[in-house]
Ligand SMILES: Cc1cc2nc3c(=O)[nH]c(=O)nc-3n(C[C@H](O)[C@H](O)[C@H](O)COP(=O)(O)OP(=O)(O)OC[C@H]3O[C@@H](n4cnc5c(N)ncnc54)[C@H](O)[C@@H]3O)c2cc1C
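For reference, the chain that follows is the form predicted alone, supplied as structure tokens.
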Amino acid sequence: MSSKTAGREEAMQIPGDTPLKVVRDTPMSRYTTWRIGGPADYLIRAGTTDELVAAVRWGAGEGLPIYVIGGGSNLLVGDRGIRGLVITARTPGERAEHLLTAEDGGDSVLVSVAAQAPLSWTGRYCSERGWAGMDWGVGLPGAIGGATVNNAGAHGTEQKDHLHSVTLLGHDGAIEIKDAAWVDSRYRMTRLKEMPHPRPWTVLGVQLALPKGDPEELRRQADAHAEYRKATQPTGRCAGSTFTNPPGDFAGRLLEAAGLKDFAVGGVRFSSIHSNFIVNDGTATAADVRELIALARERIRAEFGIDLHPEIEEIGER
């Protein structure tokens, strides 16, 4: 690909006859919920499975390191950006219905969902149809692909609880289906998340085995989850929980007990609403986030003898 002026978009045809637009040197702050991150060398928005496959295969053919992100939550991109190709695999909820299909199995439904589908939209869509097991995702940021890689969860349920299988694309171009056992999901961790960046696999979609339930009750649960999040967690320029909960305790409780609620470094602070969320005042850098995380870990170790583990993933150059 020829060099272009930074930030200009260039429409180009890539393998598979899928027309995609490649962007040079675009700020990753546009694609993360923290609104932090330097420029990516190349970026492609892939709203469908075919586009995601084509984008990965193009990047591999160009010899580029490939980073695939979903909704950009739980993600910190370095201030110097990303060398290689970033593919954003997400589609707004109002355009996501074609990303989900279902096969009736009697007492349950096997739901196939593309990686781009928003987690919250998927939870709402399933609940309204009486398919139980995804209501926990309503109100949460991110996309299904990222939720699977991170084994996201809330309200006592995790993505792994109804995961049947995962469809993966290798950067060698091969597509494989792996069962849930292969994913090896644990608390906020999977085999995929453990792999170093750039990862050799991209999640194309998942298959969820959902039991049937009462649509009205599931709608009420979904509404309650969404209201709970609004009341207890900050929105806007933040990235979800900063630390995983240590065994038998809560990271938020420890941070508040250590006097870190509303504590700030540069342009970021631990939220006054929930101490385990870091919010950006609009001026923050990735360096600010790293410094605040390091300070918090040191203080919690000193006061409680507990080592908090970041739930946030970091990619890109510092």
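Start at 1 with the first residue shown and count on from there. Keep in mind that this is a model prediction, so the values were computed, not measured.
What comes next is about the form predicted together with the ligand, which does not appear here.
- Contact with the ligand in the predicted bound form holds for all three of Ala115, Gly142 and Arg188, each having a heavy atom within 4.5 Å.
- Only one segment in the set 37-45, 251-259, 288-296, 65-73 has any non-hydrogen atom within 4.5 angstroms of the ligand in the predicted bound form, and it is 65-73.
- Using a 4.5 angstroms threshold between heavy atoms, Met134 stays clear of the ligand in the predicted bound form.
- Though the partner is left out of this view, Trp182 does not reach within 4.5 Å of the ligand in the predicted bound form, counting heavy atoms only.
- Looking at Arg199, you'd find a heavy atom of it within 4.5 angstroms of the ligand in the predicted bound form.
- The ligand in the predicted bound form comes within 4.5 Å of no heavy atom belonging to Gly130.
- Out of the listed residues Ala152, Ile82, Val206, Leu99, Ala152 is the one that sits within 4.5 Å of the ligand in the predicted bound form by at least one heavy atom.
- Residues from 89-122 that approach the ligand in the predicted bound form with a non-hydrogen atom closer than or equal to 4.5 Å are Ala89, Ala115, Leu119, in the order they occur in the chain.
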